[in-house]
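Only one chain comes next, encoded as C-alpha cells, the form predicted on its own.
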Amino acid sequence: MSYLGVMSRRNEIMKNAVGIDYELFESGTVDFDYEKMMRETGYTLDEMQNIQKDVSICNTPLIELKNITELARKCSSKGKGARIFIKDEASSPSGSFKARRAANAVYHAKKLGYKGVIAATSGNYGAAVASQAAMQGLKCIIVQECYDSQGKGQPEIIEKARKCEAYGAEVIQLSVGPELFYTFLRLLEETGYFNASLYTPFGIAGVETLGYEISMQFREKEGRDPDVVVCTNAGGGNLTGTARGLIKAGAFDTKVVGASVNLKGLHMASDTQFNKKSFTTGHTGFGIPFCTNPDRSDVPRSAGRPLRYMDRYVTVNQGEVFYMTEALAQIEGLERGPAGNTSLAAAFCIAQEMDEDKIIVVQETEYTGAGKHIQPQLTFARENGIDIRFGNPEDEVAGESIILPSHPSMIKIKDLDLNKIKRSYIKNCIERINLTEINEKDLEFLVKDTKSSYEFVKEILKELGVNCLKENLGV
C-alpha cells in the first residue's frame, strides 16, 4: 500500500473500478479507437435522456439575456451585438450541468452491481455524484484537494464539501499535492466502489444531452440553431459532450468556443500558489494541460478530448468574470455561480464581434451561495494579499491582483493560439511512447484529435523528427 506500490497497480485498479478494458481500444501506438470507446457506454441518446429524465435532469430553461445583450450593443459598433442566451443548468438537482455526467455514471454503477461510487474532485461534480448516489441508494465517497499546508481552504471548495455532505456523502479532504490520486486509487481498491470519473465515456456521454437540448430548444424557439455556443473549459468534458450533442442534433454549422479564466503563471499543484487563485475550475491551469495532454486524467484514456471539437479558445481575466457575475445578478435578476459566468464574460465580448441578428449561447450556469459567492471569494483573495481594485483588466496579474473593469467596454477576450496548443498535444502523443515513426492510422487519429489537416500534422511531425510510413499512408 506504499505510494509506489499503489501507483504501479493504477491500470489494474482503474479497470476493476470502471468496468472497461481500455486495452480493447488500443493499437499499441498513438492511435486508439475513440468512437468505439464512446459506444461502449452502451446507451443511446434516447436512453441517456430517459435516465436523466427519471432524476429530473432534462430540458433546463433557455433564457435570453435581453439586458446584457443591450449592454453589449452599447459597447459595439453599429449593427453589431448578437443576442445572448444562457442554458440555465443551475436548475438541475445539484445545481450544475455536472448532474448530467453524474446521472449516467451512477446509473451505470448501479446497473453493474457496485455498492458505492467514488469521485476525486474539488468542484461541482462531487455534489452531482453525491446527489445521484443518494437517488440511486448507493454509498458515496468524495476526495477533495482542499487545503494548502497551512490548513487554509478556499471558500468555494469548502462550500462544495458542505453540499456533498448534505447529500450524505463521505468527504475526504486533502492538502494540495500528489496524495490526491494515491488516496483515490487506494480507496477504489479497498472499497471495490465504482470510479465515477469525470473522464469515462459514461460521464462525457451524459453531457451530450445538453448539446442536443440546446439545438432542439433553439429550433423550437427561433427556428434555427445558434451560431455560437461558448463552453467554460477546464478538463474538456464539458465542451466535448456539448459539441457531440450538437453534432448528434445535426447542428454542424454551430461554432464551439472554449473559454477559460486566465491564471497564467500560477501552478495548480503548488502549495504556495494554491490559494492565490480565485477560481477553482474553468481556468487555464486545467484547460491548457487537459488540451495538450487529455490522458493525464484518472482513467487510461480520457473521453474528454476538447481539441476534437473546439473552433476557438479564448481567455478572460478574474476581475472580468466577477464583474459579469454582478451584471447577471443586477441587470438580469439571475444570481449564478462563477464557472458559467466565465463563458458569459467571453460571450459578452464575442457578441460584440457578431451581427445583431446572430445568436450566441452560454452553455451552462451553476448555483451560487455560501463560499461560491463573489463576496467571500474576494474577501479570501484580499486576505491572501491579492490587490483588488477597479481599473483596466488588462493590467491584472494572476496571483497578485484582481482588477474589476471600470467600464463594461473594458472587458476583452484574448484568443489563444490553437495551432500552438495542437502542436503541444501532438508532441506529447509522440513523446509518451517515444516514437520515431507513425503509420496511417496514427496520422488519421492525430488529424481527428486536433480537428486539423493531414498537412498540418505532417508538418509538426517533420519538426519533431518523426517519419510517416509512406507505404501505409496513401494520403
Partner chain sequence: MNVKKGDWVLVHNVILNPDQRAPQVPDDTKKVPLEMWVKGFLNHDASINDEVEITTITKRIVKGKLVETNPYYKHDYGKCIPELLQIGLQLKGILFGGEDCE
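Numbering follows the first chain given and starts at 1. None of the values given here were measured: they were computed from a predicted structure.
Form predicted together with its partner chain: not shown, discussed below.
**Message:** Check for me: heavy atom within 4.5 Å of its partner chain in the predicted bound form, for each of 51, 81 and 243, yes or no.
**Reply:** Heavy-atom distance to its partner chain in the predicted bound form: none of the three under 4.5 Å.
**Message:** Just to confirm the contact call: exactly one of 297-305, 206-214, 258-266, 385-393 touches its partner chain in the predicted bound form at a 4.5 Å heavy atom cutoff, so which is it?
**Reply:** Stretch 385-393 is the one.
**Message:** in the predicted bound form, does residue 169 come within 4.5 Å of its partner chain, counting heavy atoms only?
**Reply:** So residue 169 counts as contacting its partner chain.
**Message:** Check residue 165 for me: does it contact its partner chain in the predicted bound form (non-hydrogen atoms, 4.5 angstroms)?
**Reply:** Residue-level check for residue 165: yes, a contact with its partner chain.
**Prompt:** Can residue 284 be called a contact residue for its partner chain in the predicted bound form at 4.5 Å between heavy atoms?
**Reply:** Heavy-atom contact with its partner chain at 4.5 Å: absent for residue 284.
**Prompt:** So in the predicted bound form, does residue 323 come within 4.5 Å of its partner chain, heavy atom to heavy atom?
**Reply:** It does: once its partner chain is placed as it appears in the predicted bound form, residue 323 has a heavy atom within 4.5 Å of it.
**Message:** By the heavy atom within 4.5 Å rule, which residue out of 431, 70, 415, 46 makes contact with its partner chain in the predicted bound form?
**Reply:** It is 70.
**Asked** Of the residues 91, 191, 293, 136, which one places a heavy atom within 4.5 Å of its partner chain in the predicted bound form?
**Response** It is 191.
**Message:** Only counting heavy atoms and a 4.5 Å limit, does any residue of 337-370 reach its partner chain in the predicted bound form, and if so which ones?
**Reply:** Heavy-atom contacts within 4.5 Å come from 369, 370.
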